[in-house]
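The data below hold one chain only, encoded as structure tokens and taken in the form predicted alone.
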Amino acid sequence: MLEIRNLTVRYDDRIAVEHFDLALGDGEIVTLVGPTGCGKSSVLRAVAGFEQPATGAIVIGDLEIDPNHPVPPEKRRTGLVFQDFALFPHMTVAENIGFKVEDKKLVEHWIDRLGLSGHREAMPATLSGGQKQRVALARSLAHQPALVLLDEPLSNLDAALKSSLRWDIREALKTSGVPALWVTHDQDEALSVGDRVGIMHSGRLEQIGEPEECYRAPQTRFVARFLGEGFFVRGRLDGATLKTGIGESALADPAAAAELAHGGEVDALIRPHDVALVADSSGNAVIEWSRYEGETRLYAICLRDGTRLQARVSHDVRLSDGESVQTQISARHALALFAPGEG
């Protein structure tokens, strides 16, 4: 298990991480995501022992670490997986995985488990990026760590490989039962592999929860914008219904919506796939441009009131620039609401 309490990390006069709290349960994978410079890698480095916290405590299993009780990295029982693989170039795959591992059965287990049997005697220079990352993960897990830390493990791989390897890594971590803290800047990666996802901004944890919760019900506008594409549209409350320039949507909690409202108005988070379009010469919007994406088309639209947003629909829906359309809210879930104009 991992518990981080009130962690603050400073670099000279700059605060990189401030009042950070996080707890991981046994076997849990938590992904930390955020823009460059938000502090996510500093959290990882503090847990690993590469950065000295200014304040706070880090608990790894039965080991408690704070500024008055430092513990060197090699004594923290953490497995590390880096974006640059950090393999020994003069050692074979088997030698890399088995370096300082006493129980060689564990080495064989992870070689087999991660599909490396055919590369046992290969040198790192002959491996693909995905194979190198499998070796790095196998080496980490063969040491039976109390915690695995992954720092942008897929950032050096091509897009096609990332999609499959993320699931292989997740499955291996789940098989091991070791909790893992996985840092990434890729929102899709964070949402797909984490049991929970934490979104960081300016050194603080803005929100943490199950991926769908964070995506569907962001607590701040920053989280709403960062986790996927999104636009804010002004709406007016009418009983249990939200009325907007795009269309109407049912309210999940009218009382809570009323508490957010100013003069009966709120801002609703609209994502491109929440909007349906139908060609209509007397419609409420006009197509500004379109982008073919294969299975879908992305349309930029401008409402009659000047509001601009985007709609992602099936590739079968073909509309022309300048064409008038009628919009409607197609989301079957309740929209996330915010006080008008906040943040």
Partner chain sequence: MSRFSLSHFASALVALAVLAPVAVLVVLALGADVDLRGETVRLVANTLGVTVLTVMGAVAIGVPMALATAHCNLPRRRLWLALLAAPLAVPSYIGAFAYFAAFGTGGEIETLTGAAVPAVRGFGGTALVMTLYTYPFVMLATRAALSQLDGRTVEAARSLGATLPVVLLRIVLPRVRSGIAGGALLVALYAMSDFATPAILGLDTFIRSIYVEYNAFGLARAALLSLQLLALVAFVLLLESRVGVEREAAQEKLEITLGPRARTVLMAFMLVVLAASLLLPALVFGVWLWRDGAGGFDPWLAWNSAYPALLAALVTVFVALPVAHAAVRGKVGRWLERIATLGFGIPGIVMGTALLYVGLQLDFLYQTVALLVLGYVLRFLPLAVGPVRNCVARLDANLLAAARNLGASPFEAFTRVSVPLLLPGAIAGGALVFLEAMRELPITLLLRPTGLETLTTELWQVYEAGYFGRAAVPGLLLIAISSVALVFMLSGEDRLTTRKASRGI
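Residue numbers count along the first chain shown, from 1. Quick caveat: nothing in here was measured; it's all calculated off a predicted structure.
The protein also exists as the form predicted together with the partner chain; that form is not presented, and the subsequent description refers to it.
Put simply, of E248, D103, E213, D84 only one has a heavy atom within 4.5 Å of the partner chain in the predicted bound form, and it is D84.
When the partner chain is considered in the predicted bound form, only one residue from G177, G118, G263, P72 comes within 4.5 Å through any heavy atom, namely P72. With a 4.5 Å cutoff on heavy atoms, R134 does not count as touching the partner chain in the predicted bound form; it lies far away. Although the partner is absent here, K162 is not a contact residue: none of its heavy atoms lies within 4.5 angstroms of the partner chain in the predicted bound form. Shown alone here, A258 lies farther than 4.5 Å from the partner chain in the predicted bound form, counting heavy atoms only.
Using a 4.5 angstroms threshold between heavy atoms, R45 counts as touching the partner chain in the predicted bound form.
Stretch 92 to 100 is the answer when you ask which of 183 to 191, 92 to 100, 204 to 212, 269 to 277 has residues with heavy atoms within 4.5 Å of the partner chain in the predicted bound form. Site residues M200, R221 and F338 are none of them in contact with the partner chain in the predicted bound form, judged by any heavy atom within 4.5 Å. Annotation for 240 to 263: no interface residues with the partner chain in the predicted bound form [heavy atom within 4.5 Å].
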